[in-house]
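In what follows, one protein chain appears twice in different forms, each by itself as structure tokens: structure 1 and structure 2.
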Structure 1
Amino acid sequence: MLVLIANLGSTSFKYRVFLMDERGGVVVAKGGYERVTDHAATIDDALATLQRDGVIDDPSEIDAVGFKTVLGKNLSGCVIADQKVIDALDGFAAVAPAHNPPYAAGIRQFGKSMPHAKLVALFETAFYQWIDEASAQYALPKSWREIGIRRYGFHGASHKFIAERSAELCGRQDVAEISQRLYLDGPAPVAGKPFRVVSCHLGGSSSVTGILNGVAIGTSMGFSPQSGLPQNNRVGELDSGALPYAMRTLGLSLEEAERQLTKESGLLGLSGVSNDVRDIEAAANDGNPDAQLALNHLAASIRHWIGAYMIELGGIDALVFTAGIGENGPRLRNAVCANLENFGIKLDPDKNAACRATEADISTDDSPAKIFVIPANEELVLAREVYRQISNQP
């Protein structure tokens, strides 16, 4: 079965095509487009490329298209991407404005461009459905909670891949199996020692998730992608009292305040340099104090959440770095792991410096907890769930 995984931004479209069977999947093609203005033409071009490259003879050979949808109103999990998914995305479009509208539009467009293919959505929130209510709720009046304000969590497919892969790397095949089957069977008891992971997805947007026996127990991302760690240009954690204070004092409209919090804040806002950690590191090397402050703030925020989940988990067996910054950023990994030896987390500086964008164990040989760099592979998680959804495979 051929499954195309569509990664949609407002002006970008990336894809991978997986050949799937009951044992798993392999990537048979991938590609991407930037500065997209006409999504229909771009999909047609991608299909023509797949034909020209001999991946398919006809677009009808693609059995399914999978979408990594972010946040649905009253909807999560892995579901057929029909009108109810579009409605759920539209219902929270204002909460995830950079993510929901491109996916709603993309699902509509794929439905037209590839009428033969089954469309499937895996919500990024799905991995967090077993989080304890005490961690998922905010201390709000009932009327706020009734309109869906709660902690949802994002980057679910990425953190789920880390749950599976870190268990495999630690020889915990039992836990890897539980995590792989999580959306079919739900959480399952583990014989023997619990397996405790803190996963740091650090990229254009970032989150830290605590994982016990293959299941998320908590995450730094809250109601919207504007929460938790400082994001590339989005604020991350902010005291709710700051918003009305800034609006009144600076004379900002709600729209303008929202724009500044979602486009001019985060690492960009604090550094005043860029939303890209590479540029910020270069500026810090040149002695820019604001750039150094942004890097320090990011590291401190990551450590804050690691500490929170180590307490919840009762310890840690593996600390994992993934996504663009996590995979490529030895400097940040070093800052995050500083002085954690007493907690059983010992970074090997040489292994850390040598590791870029490859899977590696960067802990010392005597470190009680492993420290891994694991390249993100959310597409594989998605392709597998899509395959199960449409083939009714157990």
Structure 2
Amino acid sequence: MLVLIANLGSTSFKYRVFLMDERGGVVVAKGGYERVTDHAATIDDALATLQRDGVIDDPSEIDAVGFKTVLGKNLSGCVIADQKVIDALDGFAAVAPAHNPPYAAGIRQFGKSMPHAKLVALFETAFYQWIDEASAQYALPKSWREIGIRRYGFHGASHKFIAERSAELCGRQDVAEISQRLYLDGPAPVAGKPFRVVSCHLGGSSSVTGILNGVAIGTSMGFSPQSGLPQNNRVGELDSGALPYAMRTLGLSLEEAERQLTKESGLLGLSGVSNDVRDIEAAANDGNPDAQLALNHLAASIRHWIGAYMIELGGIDALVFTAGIGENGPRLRNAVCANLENFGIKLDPDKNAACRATEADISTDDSPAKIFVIPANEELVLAREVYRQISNQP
């Protein structure tokens, strides 16, 4: 089965084509466009490029297109990308303005350009469908909750891959198989010892998720990607009382306050240097106290959520770092794992220092809990889920 994975931004389009079977998949083509002003023309150009490069003879050879949709109103999961998906994306366009409109437009356009292909949407919220209601809700009036304000969670494809891969690395194939079929069959009981994972997706956008037996029990992100850990230039966690106070005191409009919280906050706002951890670390090495503050705050926030989920899980079998910062940040990993030996988390400093952008066990040989670095591959996750979804269609 040929599966095209479409990554759509407001002015960008990136794609990968996977050849999939029941054993997994391999990338047979990839490409991308920046400064896109006409997605329809860009999609048609991408299909023409695949033909010119000999990947396909005709677009009809592509069996399915997968979309890593972010947030849908009253809809989640891995589902056929039909009008219900478009309506759900439009319903929360104001909550995810950088993601929902491009994906809704992309689904419409692929439906026109490739009417033969199955279109599948995997919502970033899908992995969190089974979180306990008490953990998913905010303490809000019922009228607020009825319009869909709750903790949804994001980076679902990344954390689900960690659930599967960490189980495999720990010899828990039973848990890996439960997680692999989660969107088709739902959670399943585990016969043996529970398998407990805390997954840290750390990149330009970051989140921490607690996972029990291959299923998420909670996550640091909430109603929007604005919440949880400090993001590259988004604030993360913020007391709701701070917004009206800042607006009154600084004379800010709601639009300007929102712009500052989403464009000038997070690691950029704290460091005053950059939204890139590499630049912030360089500034901290030069003695910049604000840059060091940003790094300390990020590590403290990650540790806060790890601790929360260790309590919920009743312990931990694996702590995993993934995504750009998680995979390439020995300094941050060291700060996160500092003084956690009494909780069974023992980092090997030499293994940690040597590990960059590769899968590795960076825990000591006698560490009760494994510490893994597992590179993210969200496109492969989506291709797998598209294959599973299509293969199980009547």
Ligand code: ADP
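We call the rigid core whatever largest set of C-alpha positions still superposes within 1.5 Å between the two forms. If you're wondering where the values come from, they're calculated on a predicted model, not measured in any experiment. Along the sequence of structure 1, residues get numbers from 1 upward.
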Only one structure is the form predicted in complex with this ligand, namely structure 1
Establish whether Thr322 belongs to the same rigid part as Cys170, given the two-part motion between structures 1 and 2. yes
Should the larger rigid part be superposed on its C-alpha atoms, how many degrees would the smaller part be seen to turn between structures 1 and 2? 11
Would you look up how far the C-alpha of Asp44 moves between structures 1 and 2 when the rigid core is overlaid, in angstrom? 3.6
